[in-house]
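This document opens with one chain alone, in structure tokens, the form predicted alone.
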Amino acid sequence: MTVLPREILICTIARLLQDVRHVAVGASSPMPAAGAMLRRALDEGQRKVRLSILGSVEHNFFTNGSAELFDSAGQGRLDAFFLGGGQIDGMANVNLVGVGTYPQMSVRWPGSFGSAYLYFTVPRVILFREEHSPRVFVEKVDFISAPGISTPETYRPGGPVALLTSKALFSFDSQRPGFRLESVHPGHDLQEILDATGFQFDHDDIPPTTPGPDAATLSLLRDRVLNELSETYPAFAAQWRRDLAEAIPDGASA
């Protein structure tokens, strides 16, 4: 079977969301949204997965935007959320503010918004950043928008559990603390991951390869999920279809 790199990521996200009841996705997160939609489709008939995509009409039951999202998280009714950052370090600290010494920063990003609050309240926060380079994954972030770990006396039901990039999947252990390389995506290798990551992480000598979808899951992804995704992320869905047409010109699966 021909499987696109983005389809590997989406299927990995769906596996990370196993057993969730309610997952929320930001307005600019098409791949996390697709992974959540795939999880919902895979679990249909067995259990209900509630998906909230901010900015979506079809896939959002909130009527007051982020205010209800924060209330839901604080009340323990949100199981999973996705968080990215301009910088992420080995302690899972996230920087959404900028590069340099605050407040005189050479590069400024949109800002932290509610990232710290959600990082503390949502039990399964998945860090997601497609770009896997030393400028993103640094030894120490320049500014902590949301801390990856807290002191033992701090009440914190939420926090990071995984980091997914275009090259690999990592798990995060808040007790150790630190990341562990769980798998490397097809087409990449351990040395490439080491060279592209500015912080140290645990890993096997020969890390496993991130598994791809079986034929039934891939069919579900390219039919139902892709169609559902078009409502909220039409440009992303159109590009996905173009990439499929280019990779599989005759429409075959292999």
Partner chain sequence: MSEDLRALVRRIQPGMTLALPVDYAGVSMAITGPLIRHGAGDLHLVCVPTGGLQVDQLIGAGLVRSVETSAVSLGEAGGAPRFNDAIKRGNIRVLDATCPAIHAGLMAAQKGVPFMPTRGLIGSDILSNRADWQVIQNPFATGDSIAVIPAIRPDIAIFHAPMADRDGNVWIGRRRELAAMAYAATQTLVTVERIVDHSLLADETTAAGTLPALYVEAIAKAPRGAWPYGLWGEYATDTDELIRYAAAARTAEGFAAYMEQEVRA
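As the structure is a computational prediction, the values presented were derived from the model and not from experiment. Numbering follows the first chain given and starts at 1.
Note that the form predicted in complex with its partner chain isn't included here; everything after this is about it.
Looking at its partner chain in the model of the complex, residues Phe172, Arg176 and Thr210 place no heavy atom within 4.5 Å of it. For the chain shown alone, Thr121 is a contact residue for its partner chain in the model of the complex, at least one non-hydrogen atom being within 4.5 angstroms. Heavy atoms of Asn60 reach within 4.5 Å of its partner chain in the model of the complex, making it an interface residue. Of the heavy atoms in Phe128, none are within 4.5 Å of its partner chain in the model of the complex.
Although the partner is absent here, Ile144 sits close enough that one of its heavy atoms falls within 4.5 Å of its partner chain in the model of the complex. Contact with its partner chain in the model of the complex, judged by any heavy atom within 4.5 Å, is made by just one of Gly100, Gly76, Pro134, Gly114: Gly114. Only one of 214-222, 195-203, 66-74, 36-44 lies within 4.5 Å of its partner chain in the model of the complex by heavy atoms, and it is 66-74.
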